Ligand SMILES: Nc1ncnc2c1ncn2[C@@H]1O[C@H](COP(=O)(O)OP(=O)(O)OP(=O)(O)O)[C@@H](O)[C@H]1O
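In the block that follows, a single chain appears as structure tokens, in the form predicted on its own.
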């Protein structure tokens, strides 16, 4: 069966310096892929390459069998299919919660005002945020902002949800809530790629992780199994002091 997302030999350089080198991975429908690694290893760059926020230097990215690196690719369409929840949430400060979730529905999907509000409120309700519809981002906690950002992405009905460091602004209690939230979404059929350096989050998700080091995929396995690979100094430095 064809993968939903197929990445082959992906390389990204900035001013001649490689940030990603020959990265290859496959993502199936309904899969939950966790990508881990230290800060600066290329994890976030990989996510941004997947939905063309950053242009790769070389390599192939196929989505539903279509080469999305072609110049003819409709990037606006692609970003509707591959939703992105940014590390700092990227909510518009001058818009209310409802307006933040509604904006892309109107601009990209062409929904009328009633359709937009109905769909936006439906998504916000799933995350307990409908009562905050008239609030502005500055009035929300970090966890609340994140739920709005996820609702905004899911309102577009994407086939894949990309999560960039979802617990970076949260305390340990909220981090556990994020793990439950993401696991619940995946159980409902949402395909997810989650980038994180949070070991507690990775263990809570109960998924094998793809470990990235210096722009390359270094290892794949559970957090526990990678921590036990005492012969590998790279893995021991990251996982061995939990």
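Quick caveat: nothing in here was measured; it's all calculated off a predicted structure. Numbering follows the first chain given and starts at 1.
The form predicted in complex with the named molecule exists for this protein as well; it is not shown, and the discussion that follows is about that form.
By the criterion of a heavy atom within 4.5 Å, residue 197 is counted among the residues contacting the named molecule in the predicted bound form. Residue contact check for residue 30: none of its heavy atoms lie within 4.5 Å of the named molecule in the predicted bound form.
Residue contact with the named molecule in the predicted bound form: residue 45 places a heavy atom within 4.5 Å of it.
In the predicted bound form, residue 99 stays away from the named molecule, with no heavy atom inside 4.5 Å.
Exactly one of the stretches 33-41, 201-209, 58-66, 171-179 approaches the named molecule in the predicted bound form with heavy atoms within 4.5 Å, and it is 33-41. This chain is displayed alone, yet in the predicted bound form one of 116, 80, 87, 144 has a heavy atom within 4.5 Å of the named molecule; that residue is 87. Contact with the named molecule in the predicted bound form, defined as a heavy atom within 4.5 Å, holds for exactly one of 219, 25, 227, 19, namely 19.
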